[in-house]
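For reference, the chain that follows is the form predicted alone, supplied as structure tokens.
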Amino acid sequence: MNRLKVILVDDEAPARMVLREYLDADPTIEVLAECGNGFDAVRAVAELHPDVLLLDVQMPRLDGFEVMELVGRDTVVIFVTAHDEYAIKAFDIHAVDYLLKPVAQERLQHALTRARQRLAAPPPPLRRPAGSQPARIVVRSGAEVHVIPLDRLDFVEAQDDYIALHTSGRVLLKEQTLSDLEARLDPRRFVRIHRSYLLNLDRLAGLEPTGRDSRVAVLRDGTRLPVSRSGYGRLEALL
């Protein structure tokens, strides 16, 4: 049997110690790294390419769901947490298992067996975390993680299967559709002004006609974005 490559992610050292003891007793498992926060976890995944993450939910800097979103579908995630209220959300985004602390060794082995079965199958469809509207967007660029608070997001531009997030003079790419992001944000604050543009209303300085039925949105920094007829209707309803 091929050795299963695992990374442990938990901000509590005693919890990592217990899991490490269980894993070290199994010669078919190799622990590549231990991480105490989400940023280190994303960096470790990018550098070490594990098969499985044993991942806590509530952690500083990035929570477990943000980590899972950033590492992609090639890494199988098993959540290990003291909080049972996130289980439905975890399975909805295709975590392979959800273990509650304190974890029994037999229960962990069962989860790792399920992880091997998942790894032998095609990856599940990409899903985004469900739930309340986010206060920030996380973006991975190689081993680097960028956190964009929504109040610093100027506008978003569609680029095929990616979105370009324009923030404070920078542009960051994220593998996500514009419609997907739009569905997660407050529609009173972020408006789809065009099929290719989602605008933070706080950045809007004015609208200018460019033809009989065409307009552009002028942002406070001078950026000009096209406004479709339906986009203008959405703006009218909010302004």
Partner chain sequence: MHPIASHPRRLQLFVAVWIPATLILVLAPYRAVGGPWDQAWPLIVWAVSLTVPALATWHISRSWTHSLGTGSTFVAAAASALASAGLWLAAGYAGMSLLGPVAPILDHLFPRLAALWLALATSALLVLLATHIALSAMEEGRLAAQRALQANLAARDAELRALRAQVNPHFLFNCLNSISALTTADPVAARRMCLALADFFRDALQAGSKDSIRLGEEVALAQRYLEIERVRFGERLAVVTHIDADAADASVPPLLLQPLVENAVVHGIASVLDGGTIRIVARRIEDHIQVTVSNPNDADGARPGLGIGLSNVRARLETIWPGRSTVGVEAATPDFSVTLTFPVEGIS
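For clarity, every value in this text was computed on a predicted model and none was experimentally measured. Residue numbers count along the first chain shown, from 1.
The same protein also has a form predicted in complex with its partner chain, omitted here; what follows describes it.
Peer 1: Which residue among 139, 93, 103, 87 has a heavy atom within 4.5 angstroms of its partner chain in the model of the complex?
Peer 2: None of the other options qualify; the answer is 103.
Peer 1: Let me test this: is every residue among 11, 60 and 83 within 4.5 Å of its partner chain in the model of the complex, going by heavy atom positions?
Peer 2: Contact check passed for all of 11, 60 and 83.
Peer 1: Look up in the model of the complex whether residue 177 has a non-hydrogen atom within 4.5 angstroms of its partner chain, and give yes or no.
Peer 2: Contact check for residue 177: no, nothing within 4.5 Å of its partner chain in the model of the complex.
Peer 1: Answer with yes or no whether residue 21 is in contact with its partner chain in the model of the complex, where contact means some heavy atom within 4.5 Å.
Peer 2: Answer yes; at least one heavy atom of residue 21 falls within 4.5 Å of its partner chain in the model of the complex.
Peer 1: Would residue 143 count as a contact of its partner chain in the model of the complex, using a 4.5 angstroms cut-off between non-hydrogen atoms?
Peer 2: So residue 143 does not count as contacting its partner chain.
Peer 1: Taking heavy atoms only, is residue 218 within 4.5 angstroms of its partner chain in the model of the complex?
Peer 2: Result no; residue 218 lies far from its partner chain in the model of the complex.
Peer 1: For the chain seen here without its partner, which of 95-103, 111-119, 69-77, 161-169 has a heavy atom within 4.5 Å of its partner chain in the model of the complex?
Peer 2: Looking at the partner contacts, the answer comes out as 95-103.
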